[in-house]
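Shown here is one chain on its own, the form predicted on its own, set out as structure tokens.
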Amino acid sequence: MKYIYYPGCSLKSTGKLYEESLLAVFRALNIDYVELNDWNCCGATAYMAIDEDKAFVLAARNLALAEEQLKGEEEVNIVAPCSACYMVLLKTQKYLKENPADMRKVQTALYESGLAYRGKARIRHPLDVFINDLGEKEISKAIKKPLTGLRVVPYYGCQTVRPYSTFEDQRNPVSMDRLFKAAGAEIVDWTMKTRCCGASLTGTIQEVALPLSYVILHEAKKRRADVITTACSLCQFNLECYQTDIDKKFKTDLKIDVLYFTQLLGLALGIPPVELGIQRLFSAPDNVFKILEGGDHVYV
């Protein structure tokens, strides 16, 4: 099966390390993918508030491009790693299916650029692909450096599993749990899996955002987690980069490693850290390396 990879804006900029680790894992697991040609912004949340019709056209254009690019394939699977992109594409598909009048508007706009959206594209999250297409048995066979001794708390955030996710339980997602159990880690169960981290409020209203990230980090620390794994660029940024500010505000010490789930999986697959973008993290995950390798790591 071939997949269309839709990076979206963040994975080509501030979330570059997510892209590097995801594609390295794809290659290690022999997942056949090709990047979507001439992709554009998904429409994100701001566009929805300004002009909903144009936002749906932006998102639908990516779906139409994927259908055109894989028109000879039996199934068109478009992989959207960014939680916001994943949610927006699913929302667009669901809305257009349920609202024929708006579908006609979108089709008219796409026709002007020589495209047509036929509703064939299947929007996938990487976790969905790893667990439901590849499977835990195949992943466990590929593990070269088991995550033995590492206590992992999987953090899914708001948008990966709700309100439109098609592959997970919206209240108690377990795909990341299953993935890292297959990689040899100890999974720490907790109630913060889908709790909001503060999202973009860290850049606008920190007095609201920081307490939201604090309760997540505090709970992970309370449960003696060694690392938090994320599936969202904004979640990863908030939980990793604001730890110093949170410690100052709440007079605590919540230092904990935060990695993209693809980075931790990549380490288990034996991929060199530099190929996983780990050197791009705000803080080096020294505790993870200490547990897995018995010492600090030098990036080469």
Partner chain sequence: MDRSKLAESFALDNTATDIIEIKRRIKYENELDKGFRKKIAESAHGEKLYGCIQCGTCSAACPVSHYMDYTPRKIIQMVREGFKTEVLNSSTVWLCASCYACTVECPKGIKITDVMYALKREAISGGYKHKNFPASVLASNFFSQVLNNGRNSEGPLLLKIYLKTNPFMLFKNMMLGFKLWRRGRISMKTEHIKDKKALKKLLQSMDNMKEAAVI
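Positions refer to the first chain, counted from 1. Only a predicted model underlies this, so the values are computations on that prediction, with no experimental measurement involved.
We do not show the form predicted together with its partner chain, though everything after this point is about it.
Using a 4.5 angstroms threshold between heavy atoms, Leu292 stays clear of its partner chain in the model of the complex. In the model of the complex, Val208 approaches its partner chain with a heavy atom inside 4.5 Å.
In the model of the complex, at least one heavy atom of Tyr242 sits within 4.5 Å of a heavy atom of its partner chain. Interface membership of Arg151, defined by any non-hydrogen atom within 4.5 Å of its partner chain in the model of the complex, is ruled out. Annotated contacts: Lys221, Thr252 and Thr262 are all free of its partner chain in the model of the complex [non-hydrogen atom within 4.5 angstroms].
Stretch 234-242 is the answer when you ask which of 66-74, 24-32, 264-272, 234-242 has residues with heavy atoms within 4.5 Å of its partner chain in the model of the complex. For the partner-free chain shown, Lys105, Val106, Thr108, Ala109, Leu110, Glu112, Ser113 of 105-130 come within 4.5 angstroms of its partner chain in the model of the complex, judged by any non-hydrogen atom.
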